[in-house]
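For reference, the chain that follows is the form predicted on its own, supplied as structure tokens.
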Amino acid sequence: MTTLEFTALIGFGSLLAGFLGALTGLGGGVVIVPMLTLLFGVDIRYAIGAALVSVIATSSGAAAAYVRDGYSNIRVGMFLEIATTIGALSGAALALYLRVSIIAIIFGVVLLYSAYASFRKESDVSKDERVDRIATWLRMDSAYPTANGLTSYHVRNVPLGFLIMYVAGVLSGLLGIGSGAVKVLAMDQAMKLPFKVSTTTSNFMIGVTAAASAGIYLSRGYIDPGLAMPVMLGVLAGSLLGARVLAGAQVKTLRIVFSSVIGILAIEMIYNGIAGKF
């Protein structure tokens, strides 16, 4: 395989990863790392470095469109970024001392639960009208556009969401995945945000989380420009395409896609973690 063919294949795979990442809030990194390591034989550390760059591209490409259209909750995202950034720095530092295969197995289990919890959820907007004091104090309650106009929602369980976001940040720093699945889990299940708000706010957040840990990987020499460039360009193009599709997508369909994809990736993570391939 020539260098041009190798670059083109990685670019195409990254485009698909970016499209999926923007559509579900997963972030392209959750597909990029398995793709580079299993299909192309790239060293896991360099795959993580390229994935972190791609996550930043995904966030930059999709988040602007989501903010403009009124889907992302900026106040929720900025507050929770405190937890994810601290977690990302912790995870990147721990990467030198912990076996990635063990973390991959743990992450796979978390993904399996995320798939199950997302798939079984029936209502898109929480009917719990109780006031959350922290959310009220921080003015997190908002509204998002639907076919029937703006629909308001209330934010719940802010401390629990903050804790889960720290875990998401640690996973991002360790595996370079952006941890979009865990972020969506925190906002959709714990904080009771509508699913489209959860996925779009996740896209808004993952770039900052990835940037926090990418600096550490860059200082260690694990970001190869020749590898990161086609990954970044492909993911950026895919994320812009995914942002256009999301507005007209059905929530039920998004949940099925979300659950199916992270379920498959969870099994892959667990298997490769046990087999010692990471």
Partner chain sequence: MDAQSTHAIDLQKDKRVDQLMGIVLRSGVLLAATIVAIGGAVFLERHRLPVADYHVFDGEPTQLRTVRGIVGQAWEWHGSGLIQLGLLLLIATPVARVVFSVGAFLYERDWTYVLVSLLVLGLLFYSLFSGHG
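We call the rigid core the largest set of C-alpha positions that still match within 1.5 Å between the two forms. Keep in mind it's a predicted model, so treat the numbers as computed, not measured. Residue numbers count along the first chain shown, from 1.
We do not show the form predicted in complex with the partner chain, though everything after this point is about it.
- Residues of just one listed stretch (203 to 211, 104 to 112, 167 to 175, 182 to 190) have heavy atoms within 4.5 Å of the partner chain in the model of the complex: 203 to 211.
- Residue contact with the partner chain in the model of the complex: Leu160 places no heavy atom within 4.5 Å of it.
- At the 4.5 Å threshold, heavy atoms of Val67 reach the partner chain in the model of the complex.
- At a distance threshold of 4.5 angstroms between non-hydrogen atoms, Glu81 is in contact with the partner chain in the model of the complex.
- Under a 4.5 angstroms non-hydrogen atom cutoff, the partner chain in the model of the complex lacks Tyr271 among its neighbouring residues.
- Residues Arg139, Met140, Leu150 are the members of 139 to 165 with a non-hydrogen atom no more than 4.5 angstroms from the partner chain in the model of the complex.
- Once the rigid core is used as the reference frame, the Cα position of Ala211 differs between this form and the one not shown by less than 2 Å.
- Once the rigid core is overlaid between this form and the one not shown, Gly49 does not reach a Cα shift of 2 Å, moving by less than that.
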